[in-house]
Each structure stands twice: as structure tokens, then as C-alpha cells.
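Below you'll find only one chain, the form predicted alone, shown as C-alpha cells.
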Amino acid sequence: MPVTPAASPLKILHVASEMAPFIKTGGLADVAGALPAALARMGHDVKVAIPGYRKALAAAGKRGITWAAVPMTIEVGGIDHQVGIGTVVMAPGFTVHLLACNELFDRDGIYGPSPSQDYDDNARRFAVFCKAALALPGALGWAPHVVHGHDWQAGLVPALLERGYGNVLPATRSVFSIHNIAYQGQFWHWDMKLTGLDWSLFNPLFCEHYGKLNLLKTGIVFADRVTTVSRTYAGEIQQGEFAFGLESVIKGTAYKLSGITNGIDTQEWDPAKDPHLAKAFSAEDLSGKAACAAALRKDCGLVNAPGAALVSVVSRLVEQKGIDLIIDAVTPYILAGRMQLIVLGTGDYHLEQRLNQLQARHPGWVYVWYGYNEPLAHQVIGGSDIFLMPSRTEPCGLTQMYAMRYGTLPIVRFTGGLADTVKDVATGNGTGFTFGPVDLGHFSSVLDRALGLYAHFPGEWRDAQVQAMGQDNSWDRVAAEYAGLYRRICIPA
């Protein structure tokens, strides 16, 4: 076990299947990009290993990627794979290594040819990736104190470390993060031979789960510490309603589980200097927000309705995000002239069709943009008064924190990271609005309450905006929590 003086920097290797700004399908990429950067700002020596996908390598080429002279040879299931090491220096103390293996990662898709279809060889792909990530420090002549794996794609990392894979990194400790327990990396039992682990570990105590190899479970069981992305979610995943069959595994490892709520990039999301906004504003001077709202209405073709609240959604359009609740609830408030609705996102076809119908019934009052548009996301969140996020489950969520930073009060269900980050205005010093049971009545009630406060109590509304904008949801705060966790497992008590 390495002994690290309290004031000395740590060496930390993050292993993740995606990372912004190179490749992104969800919140994992934001964490893998922002957390290492914040740790490096604290003075730690941080490296990130990600697969060398086709699109990731193209993005890295624009940042000046360099290649190691000699590739690594990684054996999986009796087949040798040549893995090249591409390096991009992001900032002092912060380096990204793209592990390139053309036969496995030089493809258009990341996890599959489409979002709804996985590649048949994902077990091999990510076994190679995990083994290459653990071989990387040896190739670099650099030994980390901690390896931090993220989600099922890195689930083999803690197991291989604990079982002494190749005698690499014998003194390195492991942390494993669950970003969304619904995605577990389940494969048929014969893929166990690809892991490099002994067949004896294919049992209910370790890698097997209902007859399948489960890589998320493997990471949880073998890691020295397990984290998830909010404090409330850490409790929720110990219940059958939220755990997708892994509740007994989480309960059995709860002694090493921590919930650390994600942060946001407060440089990229800053209304005082956001280049995407029509006019800058701050908690001290909110006058620019009205200009942002006017520009947003004009760009989206909405009628000028100064008495109506501008209500927005920036989300995947799926039932898990509560989009059906929103569609069911908003019509009476639109007809009454109390709100206008802007939706940005993409998702389930039937929900998109229902949004099309809503837009057609209320021209000038509802606008829907399908897809994801980063500048428009900033403009929508910056120009809106209320942000809707009635998720049925939400491990952490980031957009509610973006909304609060822009003085756009969120309406959220009291679950996961939403419960940890949004405090109801009814408390007297709240930052948004919360509700509990997932049904039309409760959601309509909280929406009515928010629209009422907006329309009739402008002083209280502004106080809530200022309170929301003053919340510290920065990655620097989050990184300090992780650094404390790393030190606790690296330093003898």
C-alpha cells in the first residue's frame, strides 16, 4: 500500500469509455472530462485512459495528438491485440491517453451501430480496453496511487487489480463509480474467458448474476471503494425499485459506498460571460435575462407574451425523464396564457409525435427542436424562467444545476441528484420546486405553484433566482471530496 504524505500530490488514473470533449453520449463523458481537470488544478498528477474510437481520434488530432513509438500487446481470449497509445496534453498535470485498436474501436458507433443496438463483441472490446488501461502506466513509466474506473465498461479494472493481473500495479488502490445502475454490461457466461479472471470467480459472490457475466457487479464487488453520482442515489440503489436487480449487491457492499454529487463546469456555464446569450447577466444584475428571453422568443417564433412564463425542457425525450407528464400537464396553462413551452432534445418516436401535435395545436406558444444543439441549449436555459425536469429516476442530473446557475428555477421530482441539488422555495431559501409521486396531479400542482409565484410574487421570485445562482455546484468542490476519498484508501489509518 503506497504511503502518501498529506500535502503531497496524488497520481490518479481515470478509466472511462467516453470523455468530453473527445467523445460523448451522456453525462459520463462530462464527468470524465471535468473531474480529472479539477483534480489537476488542485495539483494532482492525473491521466485519463479512453478507447481510441474513430471520432475520438479525429477530435484528438485537432488538439495535437502524439503517438508512442511502440504499441502494447494485449492478449484477450487467446488473441493478441496491438494497442497504440495516443497522448493529448490537456493542461499541466492533466493528460489523456487514447488506446487505439483498429479492429475493435475504428467504427462509427461507440457501443453499437445505433443507440438501440450493441456490438456483439463488446465484452472483448472492453476487456481489451481495461487490460490496456492497466498496462498503460508500465508503458509510461508512471505508477498511480489510485485507478478510478467508471461504469461497466471499466468494471474489470478493480477485479484485475485485486487479482494481480500480470503483476501490474501491485500497490495501486481502486475506486469504481456507478453513473447509472440501469446499464450493467451483461454478457453470456462463456465471455468469462475474455476477462483474464479465474473461472472460479463466476459465481453469485463475484462476477455472475442470474447466469450472466455482469461487469458492473464485478467492478462493485472488487473495488476498494465504490461511489455513485449523488448522495440520495446511493440510498436509492439499495432498493429494488431503483437497483435493476442489484439491490442485494449494493446492500452487501454498502460499507464502502459513497454518494458524491456531480458538479458542473462553471466556466462554460456562466451567464456573466456566455457568448451564446443575447446579453450577459448575473445575480447582481438580472436585467440581461429579459433580453435573453426576448431573443429566444423571436428565434423560436413564439408570440410576445410578457405575462407568460417561458418554460423549457432540454432533455432526452423519454418517459424516464417524465416527458409524458409534461405533455399531459401543460395545455391548460398554455390556453390560459400563463406559460409558453420550448423543448430541445431527441428520443422516443411516440413522444416526439405527441410534441409535434402539441406544437401544432398551440402555434406561437410551443416550440420543439429535435436533436442536440449546444449553443441553443445555452440560449434556452438562459432565456427561460422555469426549467422542467420531472424525471422518474435521475442518478444525478446536470441540467437542473445549469438552470439554477442561469436563474432559471427548476421543477424536479424529489429523487436522486435532483433531491440533493434543488431545494423547494417553500422552505424560505429554496432554489426551485420539488414534488414526489409521479402522477399528473402532483406534477400539475407544482407547475401551478411555480407559475403562480412567477406571476404574482416577483420579489420572492427574484430572491429564489439569486439563491439558485449562488449555489456552489463547481467541480472544484466535488474534486476535493474525491481527493479526500483517494487519500483515505492510500494512507494507513
Ligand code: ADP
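All figures in this text were calculated on a predicted structure; none of them were measured in a lab. Residue numbers here begin at 1 and follow the sequence given.
Another form, the form predicted in complex with this ligand, is not on view; read the next lines as being about it.
Between this ligand and the residues Glu374, Asp120, Asp108, Glu241, the one pair within 4.5 Å by heavy atoms in the predicted complex involves Glu374. Of the listed positions (Lys279, Lys256, Arg163, Arg316), a single one reaches within 4.5 angstroms of this ligand by any non-hydrogen atom in the predicted complex, namely Arg316. Taken together, the three residues Phe126, His209 and Leu213 lack any non-hydrogen atom within 4.5 angstroms of this ligand in the predicted complex. Using a 4.5 angstroms threshold between heavy atoms, Lys321 counts as touching this ligand in the predicted complex. Heavy atoms of Gly345 reach within 4.5 Å of this ligand in the predicted complex, making it an interface residue. This ligand is not shown here, but in the predicted complex it comes within 4.5 Å of a heavy atom of Trp269. Interface membership of Cys300, defined by any non-hydrogen atom within 4.5 Å of this ligand in the predicted complex, is ruled out.
The stretch in contact with this ligand in the predicted complex, judged by heavy atoms within 4.5 Å, is 337-345, chosen from 357-365, 282-290, 337-345, 81-89.
Contacts of stretch 22-58 with this ligand in the predicted complex, defined by any heavy atom lying within 4.5 Å, are made by Lys24, Gly26, Gly27, Leu28, Asp30, listed in sequence order.
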